[in-house]
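Just one chain follows, in the form predicted on its own, and it is written as C-alpha cells.
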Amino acid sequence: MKSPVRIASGQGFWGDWLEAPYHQVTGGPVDYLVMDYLAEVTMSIMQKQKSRDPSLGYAKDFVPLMRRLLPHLVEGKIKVIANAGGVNPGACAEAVIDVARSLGLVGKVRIGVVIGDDLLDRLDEIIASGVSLENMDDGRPISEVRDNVQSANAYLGAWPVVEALRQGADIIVGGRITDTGITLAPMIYEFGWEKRQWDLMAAGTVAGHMIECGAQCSGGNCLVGWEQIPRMEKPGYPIIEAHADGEFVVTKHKDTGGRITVPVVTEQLVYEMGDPASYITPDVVADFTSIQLAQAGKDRVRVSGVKGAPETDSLKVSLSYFYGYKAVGTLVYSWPDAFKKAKRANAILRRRLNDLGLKFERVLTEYVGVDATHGRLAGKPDPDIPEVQLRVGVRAEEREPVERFSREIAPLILNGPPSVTGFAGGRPKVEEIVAYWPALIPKDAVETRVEVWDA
C-alpha cells in the first residue's frame, strides 16, 4: 500500500489549459493523473458527432495529449483516469492504443474502458419498465420531450474505475463518470477501502470535489486576494496527497504559480455544493459541514474530519433535448451618448422585428457595460461612459424567425444610430438550442461493464 498516494488534477473541463497535464506528470512525483472533460451539454455535442461518424463522440484532444504524455507515464508508472470517452469510450480507447503502438509501447500500456452510462439506445426500454425519468426540477413527464432527446447518460461513480484498476489498467477512459469518482477510485484501490466505509468514501469524494475544477483550487478564478496570487502564467494545478485514514493534503508542485491556502481551497469547496450537509454522489452522501481545513505549510492545506452517510439507491441521469433555435447579435456604440445610442438601436430593431410579424419565444436585450453582469447599477449610468455593447438574443421554436433576426442586426450599422465600432463576424449564427433534463434512475437499471485491452 502506497502512503501517501499522490493524485494530480490535469483537466477541469474540456478546453482547459493544455499544458497542465504535462506539467503535472513532469513537475514532480505523482501516482495518478485525473482529468474531467464532461459537462451536461458536452454529451449532446458528442452524441451529434457520433451520429455523423461512428468513430467519433469523445474528447478528441485527449488522444494527442496521450501521444505527448505516454512516454512519461510509462517511465514514471503513472496511471491516468479520465471521462474523455464521452459517448464513445471504446473508440477513444482504440485511438489511444494506436498512439501507444506508434510510440513503440506495445506490451507496456493497458487501456481500461468503462461502459454503461450511455442510456440513449435503451431509453424506451427503461421507460417501458416503469422508470418515470420525470424532470427533477419541475416534475414534468419525460413524454413531453422524448421525441427530441439527443443524449441520456447516467452519472457513474468510482467502482467501475476501481474494477479497471484491479484488472491492471494503466489508462482508464469512460463516459459520464463523476468528477469526484475519478479521484475517489484510486484511494479505494490503493487503500483497500470497502464500500460501506462511508466516512472514507466521503473523504475521497471531498478530495475529488476539491480538484475537479483544476487550478480553481490553486488560485485561478479566486476572489480572495486575487491580485496577490503569484505567477498565474504557469499555475500549479492541485495535487491530493491521500492517506489510508481518509485525511489528505491539497498541494501543488514546487516552483509553480498560484497559491493553495485555506481561503482559496474554501472557495472551491463551496463551488456547486448545494445542501452542505448532503452532497449526493453515486458513491456516498458527504457532509461538507464536517470538513476541517488547516494550513499545513506553504501551499499545503490539510483536510480531515469528513463524515459520510450511505449512498442513495438512484443515479442521476443527464438528458439533453432539442429546444428550438437561437441567435445572439452585438453592436458596440462609442462615446458620446453611447448608452443612449444603444437603447435607440434596440428600440429600432424591436420595432422592425414586430413589423415583420416574427414570433419569438423570447427577445432579450442586454447593455454590456451597464446592466449585463449585475443588473442595472445603482443610479443612472455615467453619461460619459466610453462604450456600450448592445447584445440582443432571440429564441424561437422555428428556425425561420431566428434567421430573419440575424439579417436585421447588420443594417443598423448604417441605418441606425451613429458611432458603431468594433463590429466583426458577420451575421449572428443561428444555433440549435440544447436543453437540460435532470432525472433519476434506480441503480439496478444501469448495467456497467469494464474491459481492459493491451496496446
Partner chain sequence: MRKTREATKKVQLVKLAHARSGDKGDTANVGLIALKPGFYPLLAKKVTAARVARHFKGIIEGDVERFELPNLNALNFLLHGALDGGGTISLKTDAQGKVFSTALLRMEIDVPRSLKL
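Positions refer to the first chain, counted from 1. Quick caveat, the model's predicted, so the values are computed rather than measured.
The protein also exists as the form predicted together with the partner chain; that form is not presented, and the subsequent description refers to it.
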item	value
Heavy atom within 4.5 Å of the partner chain in the model of the complex - residue from Arg196, Arg351, Arg362, Lys298	Arg362
Selected contact from Thr266, Asn135, Asn148, Gln167, since only one has a non-hydrogen atom within 4.5 angstroms of the partner chain in the model of the complex	Thr266
All of Lys60, Val131 and Thr178 within 4.5 Å of the partner chain in the model of the complex, heavy atom check	no
Partner-proximal stretch of 120 to 128, 321 to 329, 87 to 95, 187 to 195 relative to the partner chain in the model of the complex, 4.5 angstroms, heavy atom	321 to 329
Contact test in the model of the complex: Thr251 vs the partner chain, heavy atoms, 4.5 Å	no
Any non-hydrogen atom of Ile291 within 4.5 angstroms of the partner chain in the model of the complex	yes
Ser143 within 4.5 Å of the partner chain in the model of the complex, heavy atoms	no
Residue contact check: Glu366 to the partner chain in the model of the complex, 4.5 Å heavy atom	yes
Members of 267 to 290 lying within 4.5 angstroms of the partner chain, judged by heavy atom, in the model of the complex	Glu267, Gln268, Leu269, Val270, Tyr271, Glu272, Met273, Gly274, Asp275, Pro276, Phe288, Thr289, Ser290
